[in-house]
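Read the single chain below, which is given as structure tokens and is the form predicted on its own.
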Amino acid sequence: MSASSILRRKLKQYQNFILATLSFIIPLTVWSIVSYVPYVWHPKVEITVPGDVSYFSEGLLVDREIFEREKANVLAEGKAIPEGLPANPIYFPAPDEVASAFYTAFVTEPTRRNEKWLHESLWDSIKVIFWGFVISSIFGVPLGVLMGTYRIFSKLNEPFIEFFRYLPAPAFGALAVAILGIHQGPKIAIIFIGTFFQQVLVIANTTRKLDPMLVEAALTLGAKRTSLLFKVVLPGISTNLFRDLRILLGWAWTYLIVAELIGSSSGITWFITQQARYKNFDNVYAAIMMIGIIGLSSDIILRLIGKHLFPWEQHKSLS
């Protein structure tokens, strides 16, 4: 067996399942150890008995050094000593606290009139991602295919796109608000700017990888430019194009937090910001994980759709 075949050896289905499960279990185990095993980290002390330390109160978190110093002081004075348990900082909640927040964040009514329920915030964010990526794809996919197929389109557009893709999308936030107002428009614009230029270049590169023999054969058989594009190029790159869009959708999710800091206060980013402001870090972690769950779920759904749209790719990978 050659080295390349060993490195690229296909794993069995149960092996894939075990490894995928371990990829989540390992970080969860590390998180649990750090959270529940005393003195693994635990730089804080949670006060259970304040003793005679004036500013100590039950449930207060203090640095371990401060706790030991105050304990030594009251002990030297013959006063009641404080007691406490090892604890982690408030910004590092335990897994059970975050798991509980997954439920409570959905059923707990907002305390302020201008705040939204978590499910409403999530829905606002999903709409921003959807429209930003759809508009980006409507313009980016055709332009990328044309640039990858025809040299004239590539030479005309690629230098400017290469230049523009290095400009940070958040830099256009103020301009987007000035043009589109303070509602969802600027957020969608940031998603568009963050994905469009990368999308065009990725799809152009994918199009260039099409087997040139297919194009030459079509031209030999008398294919015209339009039929060459729609009957040879697009069918030839369809599987890779779909895969590119799946990956680029994940890219759009990475711009969500930046996009939602612009314009009106809504979306999951607003929820995270508000919860962090009031030190509800269990809700912060839960909301961040929800973004990951939604993104991963959408990718799995698209992957399943791809298997139905392009069944020959599945047979090719098994051969």
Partner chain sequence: MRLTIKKYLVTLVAAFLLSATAQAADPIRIGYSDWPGWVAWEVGIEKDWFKEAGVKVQFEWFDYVASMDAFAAGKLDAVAMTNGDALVTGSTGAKSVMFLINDYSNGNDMVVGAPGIKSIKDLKGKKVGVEIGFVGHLILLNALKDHGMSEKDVELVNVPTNETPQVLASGQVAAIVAWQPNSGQALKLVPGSKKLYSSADKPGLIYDTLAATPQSYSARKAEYAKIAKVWYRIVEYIQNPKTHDDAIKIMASRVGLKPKQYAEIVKGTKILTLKEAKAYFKKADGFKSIYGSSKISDDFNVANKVYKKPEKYESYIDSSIIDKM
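Positions refer to the first chain, counted from 1. The structure displayed is predicted, hence computed values, not measured ones. The term rigid core refers to the maximal set of C-alpha atoms that superpose within 1.5 Å between the two forms.
Missing here is the form predicted together with its partner chain; even so, the following discussion is about that form.
Trainee: Has each of 61, 179 and 278 got a heavy atom lying within 4.5 angstroms of its partner chain in the predicted complex?
Mentor: Every residue of the candidate spot has a heavy atom within 4.5 Å of its partner chain in the predicted complex.
Trainee: In the predicted complex, does residue 31 come within 4.5 Å of its partner chain, counting heavy atoms only?
Mentor: Close contact is absent here: in the predicted complex, residue 31 is far from its partner chain, nothing within 4.5 Å, heavy atoms only.
Trainee: Do residue 254 and its partner chain share at least one heavy atom pair within 4.5 Å in the predicted complex?
Mentor: Taking the distances in the predicted complex, the answer for residue 254 is no, it never comes within 4.5 Å of its partner chain.
Trainee: Using 4.5 Å between non-hydrogen atoms, is residue 113 touching its partner chain in the predicted complex?
Mentor: Residue-level check for residue 113: yes, a contact with its partner chain.
Trainee: Should residue 294 be counted as a contact of its partner chain in the predicted complex, where contact means heavy atoms within 4.5 Å?
Mentor: So residue 294 does not count as contacting its partner chain.
Trainee: Counting any heavy atom within 4.5 Å as contact, can you tell me which stretch out of 246 to 254, 266 to 274, 35 to 43, 286 to 294 lines its partner chain in the predicted complex?
Mentor: Checking each option against the 4.5 Å cut-off leaves 266 to 274.
Trainee: Among the candidate residues 106, 91, 130, 163, which is the single one with a non-hydrogen atom no more than 4.5 Å from its partner chain in the predicted complex?
Mentor: None of the other options qualify; the answer is 91.
Trainee: Would you kindly say which of 183, 208, 79, 225 lies with a heavy atom within 4.5 Å of its partner chain in the predicted complex?
Mentor: Going through each option in turn, the one that passes is 183.
Trainee: Could you check whether the CA atom of residue 288 moves 2 Å or more between this form and the one not shown, using the rigid core for the fit?
Mentor: No, because once the rigid core is superposed, the C-alpha of residue 288 moves less than 2 Å between this form and the one not shown.
Trainee: Cα of residue 124 displaced 2 Å or more between this form and the one not shown, core superposed?
Mentor: No: residue 124 shifts by under 2 Å between this form and the one not shown.
Trainee: Could you check, with the core superposed, whether the Cα atom of residue 43 shifts 2 Å or more between this form and the one not shown?
Mentor: Superposed on the core, residue 43 moves its C-alpha 2 Å or more between this form and the one not shown.
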